[in-house]
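The form predicted alone is given below as one chain in structure tokens.
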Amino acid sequence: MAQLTNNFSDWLNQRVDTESSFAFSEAVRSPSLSKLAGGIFPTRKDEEWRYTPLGPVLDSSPGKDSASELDIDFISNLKQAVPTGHTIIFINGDYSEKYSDDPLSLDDTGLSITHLTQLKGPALKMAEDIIVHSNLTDDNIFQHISLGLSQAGLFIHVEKNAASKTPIHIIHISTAHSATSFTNPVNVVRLENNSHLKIVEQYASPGDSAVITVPANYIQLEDGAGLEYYRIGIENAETQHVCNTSVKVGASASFTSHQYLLGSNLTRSNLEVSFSGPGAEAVLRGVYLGDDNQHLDVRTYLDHAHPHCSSDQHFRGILNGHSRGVFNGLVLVREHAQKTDAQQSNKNLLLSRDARVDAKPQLEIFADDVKCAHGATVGELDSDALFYLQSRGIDKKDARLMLTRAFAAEVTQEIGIESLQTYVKGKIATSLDEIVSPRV
């Protein structure tokens, strides 16, 4: 860790001193404010951050600026990911009533969505309890930036035995004219016993304005609940994105996560899942696609603390240019977590001699009756497959495109919302069309 003496540190201290309206109580924010006052950022000397370059973040100094006018076609395109969902849009951290769906149009019994700024009474206490009792093994300063400066986000609550029919589609758009834009949305999600929900969260930053995005998510699934949670990042090449997500999964509950990192200059995703009862399940999927000098960094941590739980991770990376991908996944199986089934796979495809991947799958097992496996691969396109396609009259670029799309499709075909699957596949295909060349 290193003491902060940089532009971003100065800006953070000024923000703490000048802002007065925040979403959470002083009791919840106080520990985070103490962390901010300490000014300790992770460095390359910290094991969990050894591959993550934070220079672009630390050198930034966000400022006040009016938002650029948004192209209605751009927003319409984002909404096409889940056209049947209930869409909630934030622009530069502010809720946009103009572009969001009418709250009264959401008629799902047992489902409530409240903006953090409107939380009060029992609902506020419920949200804060979830945050206070969450735990991140990587207690990095970015989580405390999100909490200490919290002003935007949602509390999503599903009551017992309620199965929501409508996916919740949350879109965060960052845009400005000249100053660096800063947003730090905090979402808190609670699903009570045997309830079910689908959430799709998109991050976009049109144009070429500099953006810093520091979201945090706190999710609690009680016994028998089920959540499908999708994150899609299509931010511009000037965006620095660092996200922390803490998930607690109760007995016989199921958590499914999909991450598709298709943009930004730097993305660091920290996802930690802890099982709080027997029979719980977690399925983690993801694709990161990099070009030029992008850095896409995925860290997962699964804590098997109870017996008969299962986790299945499958992440795929496609890297071109001078881009760099990182997968750092740890599965912890505690002493009493017998009958654990934990599978972890990370496969990477390099399209350039200058691209790089750092893969670090890890297992720590303290129980003796388990079924666990992990593995990682880094390679190029199969030359025999390329030759076969070319021998059938397909030119080299199209052959490379077909094989690369198929590599990503092994993950994207598991997306449980048909329109979203089509949308993500389309975004990946468009990106690959631009970066795949008929390399000799």
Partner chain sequence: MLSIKNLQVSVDEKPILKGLNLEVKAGEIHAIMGPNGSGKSTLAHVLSGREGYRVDAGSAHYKGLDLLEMAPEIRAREGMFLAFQYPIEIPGVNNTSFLKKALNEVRKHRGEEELDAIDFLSLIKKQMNLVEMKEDLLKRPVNQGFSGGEKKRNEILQMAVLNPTLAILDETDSGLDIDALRIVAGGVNKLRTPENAFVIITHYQRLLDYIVPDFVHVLSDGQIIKSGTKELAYELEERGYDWLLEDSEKV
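Because the structure is predicted, anything quoted here is derived from the model rather than measured. Positions refer to the first chain, counted from 1.
This next part talks about the form predicted together with the partner chain, which is not shown.
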property	result
Of 33, 58, 385, 70, the one that lies within 4.5 Å of the partner chain in the model of the complex (heavy atoms)	385
Contact stretch among 22-30, 48-56, 35-43, 393-401 - heavy atom within 4.5 Å of the partner chain in the model of the complex	393-401
Joint contact, 389, 406 and 410 to the partner chain in the model of the complex, by non-hydrogen atom at 4.5 Å	yes
